[in-house]
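Form predicted on its own, single chain, as structure tokens, below.
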């Protein structure tokens, strides 16, 4: 595997996103939403202005779970199938580059663009709020930014996998939207439905033993737990302490799960693309 080839493809993908102002647009969206939430998140209680980093992060977590997976899926769903439909895939593969190098190059380039927009958008908010934040609060906020990047990379990896398997862009886009609905909206409803329907001893066992592990099957839930369990007040507010054991909520373990969500779909995509 030639790292230089991967870097060349990644650089092209990244600068293409810079030139079409996609990165700037996403960064501005993140900045605007984050500032609004930070300063007006407590407006319904009759208060305006920044009050607490805990409440701000909790609100931003809900925003990120909806926005970043959707942006990542839209960004990556045509990474391979789009090249195939345009007829440029055969041209790229006729050059001295392997399929895996091409796939990794496109993924890393898109991931760099998504990471840059996420860090730039939320980082501007950190600069604005830095005068009002203590060092511990800044640590939690930067941890939130890092976990947001990991969430985006996980869904981008899923999008690239869909792009490899799909036969055309229409099917790939449909599968990407369906995947967003499943992980962001449907997955938790299915788990809650299973808890309610099972009831009795099975419901108690599912809630106390299986439920925390089932949450790890959704990168959006892993992201939520990773951020909420780092904030004592928010953890009690969400009630996750009653169903998720603290020993399973260790940041290193949840971070490893997020990296698995990045590596596994990308590995499947590389295997399929080589075939």
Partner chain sequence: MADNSPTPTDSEDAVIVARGVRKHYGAIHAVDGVDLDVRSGELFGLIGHNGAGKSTMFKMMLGLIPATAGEIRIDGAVVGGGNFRAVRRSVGYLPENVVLYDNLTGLETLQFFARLKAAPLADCPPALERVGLAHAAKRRVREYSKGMRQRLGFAQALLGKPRILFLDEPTTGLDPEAIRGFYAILRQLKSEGVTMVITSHILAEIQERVDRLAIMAAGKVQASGTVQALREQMDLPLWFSVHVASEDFDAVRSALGHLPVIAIEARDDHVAVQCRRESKMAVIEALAGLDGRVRDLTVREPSLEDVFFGFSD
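Just so we're clear, the structure is a prediction, and the values are computed from it rather than from any experiment. Positions refer to the first chain, counted from 1.
One more form of this protein exists, namely the form predicted together with the partner chain; it is left out here, but the text below deals with it.
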| query | finding |
| --- | --- |
| The partner chain: the contacting residue among 190, 120, 93, 138 in the predicted complex [heavy atom, 4.5 Å] | 93 |
| Listed residue that, although the partner chain is not shown, lies within 4.5 Å of it in the predicted complex (heavy atoms), from 262, 9, 23, 254 | 9 |
| Location of the partner chain contact in the predicted complex, chosen stretch of 79-87, 150-158, 120-128, 182-190 [non-hydrogen atom, 4.5 Å] | 79-87 |
| Residue contact check: residue 132 to the partner chain in the predicted complex, 4.5 Å heavy atom | no |
| Contact flag, residue 170 vs the partner chain in the predicted complex, heavy atom cut 4.5 Å | no |
| Interface membership of residue 177, the partner chain in the predicted complex, 4.5 Å heavy atom rule | no |
| The partner chain contact in the predicted complex: residue 97, any heavy atom under 4.5 Å | yes |
| Contacts with the partner chain in the predicted complex, stretch 2-29 (heavy atom within 4.5 Å) | 2, 5, 8, 9, 12, 16, 19 |
